[in-house]
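Same chain, two forms, each on its own as structure tokens: structure 1, then structure 2.
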Structure 1
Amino acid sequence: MLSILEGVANNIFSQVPILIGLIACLGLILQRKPIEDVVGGTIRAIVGVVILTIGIDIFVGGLVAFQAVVSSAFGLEPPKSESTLNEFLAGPGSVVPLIIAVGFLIHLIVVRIFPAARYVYLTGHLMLWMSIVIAASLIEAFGDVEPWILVVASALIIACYWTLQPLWIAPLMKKLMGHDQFGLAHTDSTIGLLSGYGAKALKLGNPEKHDSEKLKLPRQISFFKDINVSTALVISVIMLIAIAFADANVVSEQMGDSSLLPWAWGLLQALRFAAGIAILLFGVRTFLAEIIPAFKGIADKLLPGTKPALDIPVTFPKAPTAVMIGFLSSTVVFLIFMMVFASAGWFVLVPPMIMLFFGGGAGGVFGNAVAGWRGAVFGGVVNGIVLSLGQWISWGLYSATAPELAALADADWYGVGWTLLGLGSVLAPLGEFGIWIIAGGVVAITCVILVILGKRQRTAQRNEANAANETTSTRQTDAAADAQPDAATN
């Protein structure tokens, strides 16, 4: 009997595609979808995960070839790793779908308990990636952890992140959007904070006078917005240049028994890298389309009056030119760092075009909202620096789990991951107890913050009521209600 249970656990419940399928199935049933939608949606979700892993394989293949050739062109050793992202997801990381599901439930409970937590996190692909980052960080720090401990501890930590992240960016979001109908749920929130408050502290400009939207960028660069195009183009160009300088032996070793000319092979590898990312994204999109509507439905039903926290492009219509300015400055800075790092013999950086676009875009819109186009350039530069340093530092830190995370990461991945790794390195001798200290500590800090925020909001509301009684000017009450955000952004 026990062995049957074990067999089911090992063959069914530890398989990411099956787990995602079960979550999607449950979600579709809860939404009372007709049977054909439940069956169809469940299968689509499962196939989506299978496609995702195929995409990761192709992406990692292209990545390895890219790193080997570019390293050789600069006379470096390519970065090493003992594991790959797919191996991690098939092994200890197989509990990631459970972390997402349990974490989301805890997140809803926290939002329900604390009125100060008013946003429900709905950016599905980042729910996936951040769960992987947290699980990988705990495994790196504590070694093999019992799966159920990994699930509960990671779920507690990520639920707190999903609750706090929209709140810490909320004052800047309100300044940028002009309203707070929805929040921001994105792992580039730290880029938003750094560029918004940084551009303000540095007094880079005036948001009205230097508004980026008064500038006109050349139309020719607009094709760069297409992530597939910019990834394929940038990686191909670097690969072709590197092939010309690389050691012929290294290239032929990478080429295996391919009979192509080196440059043609290199071009194909670069294109495979881009295609791998496109396939990976297609897979994620396929299963998210089945899961996120259920998450939103559950949140709407259980938590009326809360606001959705959404992906970063919701801010892009506010300042499309600032997005392009941030993206371009981010990319230029990253490429400069790539040259510097390689010439210095430190590391071969791989340009992560998606993160340069969305992180650069985030830096652009937040920088522009505070300080105009110079703020947008600044935001992009900040993102370029964070992504270069982050990738360099993180590759080695995740070499036993999923080093590719370093080249796929947004700023918050580094922030959260490094914090957990740092705490973990201190608490690792305590074993499982150390994990509980981290998870418990994160939950405790989150609760304290939410209680304080709640008190502040109540005081602000009382002041507002008093002021209204005294029939003073309404402008003042608005100022009181928004005292905290305005103090931070004006």
Structure 2
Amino acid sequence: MLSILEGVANNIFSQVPILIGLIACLGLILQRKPIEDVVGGTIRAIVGVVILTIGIDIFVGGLVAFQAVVSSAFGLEPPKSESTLNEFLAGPGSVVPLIIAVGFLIHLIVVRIFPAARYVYLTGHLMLWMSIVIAASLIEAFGDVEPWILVVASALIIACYWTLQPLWIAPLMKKLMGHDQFGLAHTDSTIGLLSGYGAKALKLGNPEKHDSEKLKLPRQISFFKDINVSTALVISVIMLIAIAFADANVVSEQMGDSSLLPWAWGLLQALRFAAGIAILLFGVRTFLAEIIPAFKGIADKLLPGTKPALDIPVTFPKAPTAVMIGFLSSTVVFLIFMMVFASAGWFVLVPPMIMLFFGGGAGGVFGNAVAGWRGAVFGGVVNGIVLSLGQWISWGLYSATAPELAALADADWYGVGWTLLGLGSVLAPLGEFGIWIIAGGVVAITCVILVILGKRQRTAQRNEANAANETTSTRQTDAAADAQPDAATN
């Protein structure tokens, strides 16, 4: 049984194209679509995700090299630790695939039971990472834990997170996208909340007047309106400056077998980065065109009223300029923090370029949706601050398990991990019973929230129905009143 669950986790949940393909195929079959539509729609959905993944692989490869070169330019070395993520996954963390499989099953049950739980979490790779964070947090807090306890408790907690996370970002997601055909399933949801509601509270701007996608630039630099051109130019400049100040050996190591001069290699890396983003956006549009209509079958037959919750790149085509604004402002803020921390001797921050891009992009699009380009800058700044302070605080908290989680993290990792570590520090004297208190408490709170949301939904539906009835009744009364004079005249 365990091997079957591990196989499902490793070969389905961890393989996003296969997971999305199965969801699309099932949805089309449930709609009784012709075989040609089922096969074609399924393959197009898979190909769309594969294209998206290729785009991510291309620019993530550039970001990794970029991270190493920038770190060298600032003369930084990553902090050391006695434990590593690989050792954790080979030891107590080896149960993570089981946590994902059991957790997803619980998540589907919760979604089926509670009408207010409207979204099915489908971002497979983040299922893995958040499961690791939860398992590592419980191990850090309670020490050695029986594997089956770690699996069940972690699965309950992660299932509740997968259920609630798309819900708490849903209002902002609807404002950003202009519809609620799908939700957001990403561990940068906290950045979206802080960016959106923070920009609104600070009254940074008007989303229509200051929309980043409507920025007017002088004719001579109007080419910056093309996201591919602006990305290539900005990243090229940063990369070439970093190469100029980086250790030649580090640059040579990143170049591998390339026979190019460093500046030419750096320029090509920046261009590949821009090309990767263009491919990613094309892949997003391709697979969204298939998964949304296909999911209708699941929403109608198996999980009534539900919608898919998808990865953060689905929001990027809505405001690509805001993505770049958020990424750049996030990177600048992080580099400032990096220099301050290094000067003060507090900690050696390592620029996590992948998290700066996706988190900064998330802050950019959500901030822009509420306050235009000013909100996009604000969202990027928020992400830079969160990643800087989060990396500094979390490194020591995971020193006995997987300290790399501090540098690889998104904002939600910090929020969930710190909460579990805080509760664990209080309940640790109770031993493993303390874990059950935490897991039971999370489940109870989730159920209460879903019940309250369900009541609100029913009340809203009744009010809408009453308003519709009153409107119809008023129209009928008016029509009757109009008809009486005519009858009297006749």
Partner chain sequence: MTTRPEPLEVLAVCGLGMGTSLILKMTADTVFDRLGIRARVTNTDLSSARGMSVDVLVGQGMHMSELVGMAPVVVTVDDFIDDAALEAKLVPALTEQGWL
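Here the structure is a predicted model, which is why all the values come from computation and not from measurement. Definition used throughout: the rigid core is the maximal C-alpha set that superposes within 1.5 Å between two forms. All residue numbers here refer to structure 1's sequence, counted from 1.
inquiry  = These are two forms of one chain. I'd like to know which is the form predicted in complex with the partner chain.
reply    = The chain shown as structure 1 is the form predicted in complex with the partner chain.
inquiry  = Given a core-based superposition, decide whether the C-alpha of residue 309 shifts by 2 Å or more between the two structures.
reply    = Residue 309: C-alpha displaced by less than 2 Å between the two structures.
ask   = With both forms fit on the core, has residue 432 moved 2 Å or more by CA between the two structures?
value = After core superposition, the displacement of the residue 432 C-alpha between the two structures stays below 2 Å, so no.
task = Could you tell me whether the Cα atom of residue 295 shifts by at least 2 Å between the two structures after core superposition?
result = Yes, its C-alpha moves 2 Å or more.
inquiry  = When the rigid core is overlaid, by how much has the CA of residue 43 moved between the two structures, in Å to one decimal?
reply    = For residue 43, the C-alpha ends up 20.5 Å from its position in the other form.
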